Structure formats: C-alpha cells, structure tokens
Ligand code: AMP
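In structure tokens, the next block holds one chain alone, the form predicted on its own.
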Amino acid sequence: MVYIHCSRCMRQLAETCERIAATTKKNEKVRIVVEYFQSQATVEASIAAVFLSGRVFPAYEELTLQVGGTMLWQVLREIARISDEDMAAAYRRYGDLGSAALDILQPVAPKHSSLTLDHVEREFHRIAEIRGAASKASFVRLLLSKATALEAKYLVKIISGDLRIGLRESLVEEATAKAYEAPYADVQRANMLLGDIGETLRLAADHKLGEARMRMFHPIGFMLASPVQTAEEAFRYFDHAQLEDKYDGIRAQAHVSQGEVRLYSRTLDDVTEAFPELPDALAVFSDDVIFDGEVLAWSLDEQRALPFSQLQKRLGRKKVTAGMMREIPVAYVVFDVLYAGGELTIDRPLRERGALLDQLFMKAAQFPAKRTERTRSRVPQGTLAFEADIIQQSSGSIPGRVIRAPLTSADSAEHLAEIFEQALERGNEGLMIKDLNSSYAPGRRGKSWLKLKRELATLDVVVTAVEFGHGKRAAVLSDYTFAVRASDTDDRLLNVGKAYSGLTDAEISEMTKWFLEHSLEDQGFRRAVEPKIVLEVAFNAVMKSERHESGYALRFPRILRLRPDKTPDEVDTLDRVAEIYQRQLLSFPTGKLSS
C-alpha cells in the first residue's frame, strides 16, 4: 500500500469533509474516508481521524479548548471586517457558524495556505493551555487568519464540536478497518480500550491492534436500552430475562483503581466532583474495576430512591456543600461490571457478569479496615432485597452508599406486568428487562436490554433558539425553540416546536446565563444559540405543519427536564417523530386527537 504525503493536508481534509457532507449514503461516506486515509501518511491520518470523529482531542485526554460560539462569532467578524448585522445575516443564511465563515471569509481569506494537520493539532493544544479569553481569542484569530475560507469553515466546525457532516466515530472506525485491512471488531475494541481513534489507527496501520490495553479512567460507551410499550411486547424478544427497577437518576460509570475513583456520565464527562461522598464509598473495592450504574437521590429514612427532581438540585453545582449532601443524600446503585480482574468482561453473558458482581460485593464486604460501617437496607424495595449495601463515611461524616441493584425475574407477561406495577409503586420509572445471555454492547442500543415505562410520548431534543418571556419572565430567556436530527446519517437540525413551561425559576435563570454566553445571533427578543442544550419534552400529539422545515410540530409541548447527561448527537431523529405521528393515526383513525 502506498501512502502519499500531502503538504497541504488541512485543505485536503476540508475538501474531504465537503465530499462527506454532500452524500447521505453511509457506505459512500465510509468510502471517502478510506480513500482519504490511504492518501495520507499514518501520522496525518491519525490526527484527521480524531477531527473526523467530531473531536478536537482524543476522548481519553482531559483537555478542552474553552472556546465558545460567542468568541468564534467575534473573531470571524473581526477577520472579515464586517458588522454584527452582516455577520447575523450570514448566520441566518446557513444556520451554521462554519458555513457562515466560508461565506464571509471568501473576500479576505488567503487563496492558498500551508496549514498542515500537525500544525493545527499543536495550535489546538496551545489554545487549550492558554488562560484568559482575550489571549485565547488572539490565538484563534491567528489560526483562522492563516486558513483559506474552506479550511476556516472546518476549523470552526472542529473547534465548536459541531462537525455536522453525518459522520459518526463508528464510521471512522469502519473506515480505519477498511483502509488498513484490519478486522472491524478489532478496531472497535482497540478504540474502546484506548479512547483514542488516532492511536487506534496507528496500531491498525502497523497491524498491532492486539497490543491495545485498557486505559483506566477513560470511560467506555454505555449500553442503551430500547423501549417497549407493553409486557406482552417485551416477552417477544427473549425467554430468559433479568428484571431491575428503572431508576430515575443519572447513569454513571465508576472507575476504581488503587484507591482512586472517578465517575463518568452518559456524555462521558467526569462528574466525580458532583458527588463527593461516593469516591470513598467506592474505594472499598480494592481491585481495578469498572461498574455501570445509576446515581440516585436517596431517602435515608425510607431506604429508597427519590424522584429525579431531588437529584436535580445537586446537578450543575460548582461546589457541593456538606449541608447539601445531608439534605439530599445520594446512592450509587450498581447493575453491571465491565472490567475486573485485569480484563474486560463485556463479552461475557449477563448471567456471568451478575455472578461476578455478586462476588466483588461480597469480597468488598470482607474488608472492614477500608470502611467504617456496613448495613443492609431495612426497607427492601417491595419483595426485592438489596445485597451487600456498603456505606463508607466521607469527609464531614456524610455517608455515601454503593448498592447492588436488586434483581428478579418473570415467567409470563402477566407476572411481568405485576412486577412493573410494583416498581411504579416504589416511585421508580418502570422496569429494565435484560436478556441473561446478552453481552454488553458499548454505545449500542438493541433489543437485548428493554425498558418498560408508563409515560406520555416524549422526545429528546436540542435547543436552537431562545426568546425572552413575558410578565415576571420578561427579563429571562424562558421560551425555547427545539429541534431533532434529520436522520442518523444527516446531522441537520430541524425544528419541531417551542416550549416555555416545565423548568423551575432557578433552572431558567441558570439557563439564561448560559444562553447569553453562547448566543450565535442576537435578534433582539430572540437569540439563535449554540445547539448544545438537550431537553426531554412531552406533548399531546404530533401534527403536520408547514411552520417548521421538519414538516411537523408538537401539540402542547412542555419540558420534562434538562438532559445534561445527553449530547446533541443523541437527540431523536425525524424518523422517530414520523413514527409517533403514524402511531397516532392508528390510534385515532378519524384524525381526532385528544387535547
């Protein structure tokens, strides 16, 4: 295989991104990336792999640029030497800051540049290390000033974390496998272990993927569940099921190694500082281990989970006080183990992982020197008993709890429905129904894990614009326009509605501050904002509508909650909206929907 070094590879990467964005066909996107990788030396291809995955830095690196949309907006306006009005007009034409950059920089950007990917990578590290907004802006301005208009388009997209060319990291993995003639499963596993698609590509090029080793304190993608509507539907997928309550908390992955503990959210962000009482509790596990579980607000008196609204009071805090920990205690309920005994366990069936989890809890319970107290739940959840409930005293005598999730099983749809009702009576969301023979599939949603909930139709959406409210909310941004993704391979955001109810005054105040700092266009009473805030919204119905480009509008939408645990590329797609619409037609064949 011959690799051709390209002295202007930032331009070639930008041109490749244009080609990828121009097709909606997954296989064609992969083919374009394969062709690009094979035209580059390994070092350039490895840097590009990170950028094409929508990242500035490899996943395992705890680095961020701290460059927001407002800073990029001002830098681009200054380079182009245009007014705020002209900048806003360019943004309105495309709804995308990178595409607006291509437009406004055409007259002033150099027609040729010598930007290479290794230079861009070095500059990104310098920007990440710089402190102070003015200094950061100066280096961003210098970098973009050296770029052609097309290069600037994709530099802006990479910096903002909003590539939007319909390329997922899984497709970059697939392209890596094809470009270097490596098994796709080996590429996937190496990237999961390392948290670095660039290093994975280098190993693939050298045919050394087998040398990849687990990198602790790099979170693995979470396995996701598919919804089912009824107990009868759940029984269609598998015969040997494990049942757990579906808790209303924050999914978290715990990494424990030699006394060090970190917790990671579903967005793979480090959230350890949000729950300072949990690390000491988890440190009781002496061996290297990775758990999957849920952080819950926890009632000490009743020994049960509390509603998410209680836990939400502790989220997003820069400092969690001892008083807050006493007022809203938390527990970490563990339901899976992904790494133990020096090896990944994800390929083992769930029944084996469950047995291993029981062993780990029993072993941890035998080390009194590492904890100050151990207790069992005095009020078990219905007929379910907690096992090996470990309590560890942290600073300020605030207890943190680590609990083995209670399990049960059902032998019929009727039995499952009965257990489901019991879960609701305990104040939980419903049930998780898991195939005992299933392996753990990181980052995948399949039919091996099912979730049964009783709820209104809901969608995960991303906020694209905000407006000032009325009356007592005239000074805050309380009306949110939101969108879904066009499809799994098309990252365009299509608006489907607007909601102004559901959040507390404190949440609206906090969100107002965020939106003001991350505005892309100030239209007076309305602002276009960076599409980063994910909401879960409920609604009464989906209607056909010409008001939005999506062709649909939600009837009576209201915000159920902020979803800081989800990223914008996890929001629902237009296909999901259409599916709900079609289901309505079957339920209400006359077309009359209840209000």
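If you're wondering where the values come from, they're calculated on a predicted model, not measured in any experiment. Just count from 1 along the sequence shown to find any residue number.
Form predicted together with adenosine monophosphate (AMP): not shown, discussed below.
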{"item": "Which of 190 to 198, 133 to 141, 161 to 169, 431 to 439 sits within 4.5 Å of adenosine monophosphate (AMP) in the model of the complex, heavy atom basis", "value": "431 to 439"}
{"item": "Interface membership of residue 449, adenosine monophosphate (AMP) in the model of the complex, 4.5 Å heavy atom rule", "value": "yes"}
{"item": "Non-hydrogen atom contact residue 445 with adenosine monophosphate (AMP) in the model of the complex at 4.5 angstroms", "value": "yes"}
{"item": "Exercise: residue 566 in contact with adenosine monophosphate (AMP) in the model of the complex, heavy atom 4.5 Å", "value": "yes"}
{"item": "Interface membership of residue 73, adenosine monophosphate (AMP) in the model of the complex, 4.5 Å heavy atom rule", "value": "no"}
{"item": "Of 294, 521, 280, 491, the one that lies within 4.5 Å of adenosine monophosphate (AMP) in the model of the complex (heavy atoms)", "value": "294"}
{"item": "Proximity to adenosine monophosphate (AMP) in the model of the complex, single hit among 91, 247, 154, 298 (heavy atom within 4.5 Å)", "value": "247"}
{"item": "In the model of the complex, residues of 19 to 37 near adenosine monophosphate (AMP) [heavy atom within 4.5 Å]", "value": "none"}
